[in-house]
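Taking the form predicted on its own, here's one chain by itself in structure tokens.
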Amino acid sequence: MIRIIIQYSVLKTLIIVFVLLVLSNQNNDMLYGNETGKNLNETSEDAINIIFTGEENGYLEPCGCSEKELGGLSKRHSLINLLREKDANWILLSLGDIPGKVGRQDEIKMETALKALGRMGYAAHNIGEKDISMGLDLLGYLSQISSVDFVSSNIVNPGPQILRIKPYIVKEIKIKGATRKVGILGIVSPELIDNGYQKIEVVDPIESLEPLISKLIDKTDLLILLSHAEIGDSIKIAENYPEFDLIISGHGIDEPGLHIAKVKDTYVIPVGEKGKYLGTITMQPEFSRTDEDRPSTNSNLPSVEIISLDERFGDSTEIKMLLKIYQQRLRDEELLTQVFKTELPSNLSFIGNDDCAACHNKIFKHWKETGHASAYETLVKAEHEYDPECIECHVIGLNYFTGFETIESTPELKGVGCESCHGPGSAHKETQSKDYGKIDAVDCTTCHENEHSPSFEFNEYWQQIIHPLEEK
């Protein structure tokens, strides 16, 4: 892991790397479309700089099982600090959807993430449908204590004493001695909301935006919309409201650099998912909207970058401490003991690795030398052994009755054991059936999926764990 040291030589090296990557066009980590202007690293004092992220979907940090994973709040903070070394004039915006699921762990995640956004200096967090799914009580509580403004232009506020949200905010930026104003609005698509269990009214964005735009158009120099909607819906909004200079969007898009669009003078730019990317755009309005003969804001072509949060960026110490506190809260609340469990079929049960060793001793001894056997210890080393989401792929049967519970009560089920791949072994222990436990490459992808194991290749990985022949 490369750590960023704020020294001139290192900073200069990173800038050169950024430029070379752009010029070589080797990947989509940094993208400049045909409409983009000068390099972000050439920002000037007369520019308005925007940083945008969102749709973490429960990923505060990569799982850590692979060196090639992208994302994480601590890497994001390091990059933001690097950008601020070059130019302190940034407006930070969050598109929404911090949690990924519903449950106590994601409640703690959401609170932790909002604290991190506050420390990074975010101006606004747009409310997404997964934020809403956490419930009005939690969302209201977090809106009251967070230093980041909650924004939504199409959620009907049930009352400021319950949910502290604003239909828009206006940020003031000093440029060449003059004050420039940036209007920031936010919407969530009603089509994404499950009205069956949430008591929040969401109205049509086209209807809700019109009066707000009329109110802000002559009072701001830039208008930005945080559009928590499918990219096609955001483009329709741009077509209806050309007053927007920028729309941040892209719900459900994994590679945001491939979906940047321009509708007349409005840029529509997605953020990606799972916190893997950070987007920036630099715009240089030279006149206020009230100035006579003011040219279009976009006459100065903006510079757009979609930056992947990879190993180039170290971990922010401040955010790492927040994440450590998050892990401690999971332990203190004993969330491992609260994991929802289901029954195994046909009265099967897990028996543990030692029982398998009684008949398959040669295979067992080989397994003990593989990474699967020490999978639990890797979590202990990373201090994630009390995290239910991590534990699931590092023990046997966490989500089933008779499966792993805690290291104290079920030590025989730690690690990626025989039954992690072959299934519960109670019936096989009794019958020695030859039909037990047949698997193929697809079974491996339960844990070795693209997000957690992006370099997984079955044939290559299988060679590391292939069983020796059984002794007769």
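We number the residues from 1 along the sequence you see. Predicted model, so just to flag it, every value in this text is computed and none were measured.
Below, we refer to the form predicted together with heme C, which is not included among the displayed structures.
Within 4.5 Å of heme C in the predicted complex, a heavy atom is found for all three of 370, 429 and 444. Residue in contact with heme C in the predicted complex (any heavy atom within 4.5 Å), chosen from 70, 47, 60, 63: 63. This chain is displayed alone, yet in the predicted complex one of 235, 390, 108, 281 has a heavy atom within 4.5 Å of heme C; that residue is 390. The stretch among 355-363, 173-181, 115-123, 249-257 whose residues place heavy atoms within 4.5 Å of heme C in the predicted complex is 355-363. Interface membership of residue 409, defined by any non-hydrogen atom within 4.5 Å of heme C in the predicted complex, is ruled out. Though the partner is left out of this view, residue 403 does not reach within 4.5 Å of heme C in the predicted complex, counting heavy atoms only.
Within 4.5 Å of any heavy atom of heme C in the predicted complex lies no heavy atom of residue 55. Contact annotation for residue 418: at least one heavy atom lies within 4.5 Å of heme C in the predicted complex.
Shown here without heme C, the chain has 432, 433, 434, 436, 437, 438, 439, 443, 444, 446, 447, 448, 449, 452, 453, 456, 458, 461, 462, 464, 465, 467, 468 in 431-469 lying with a heavy atom within 4.5 Å of that partner in the predicted complex.
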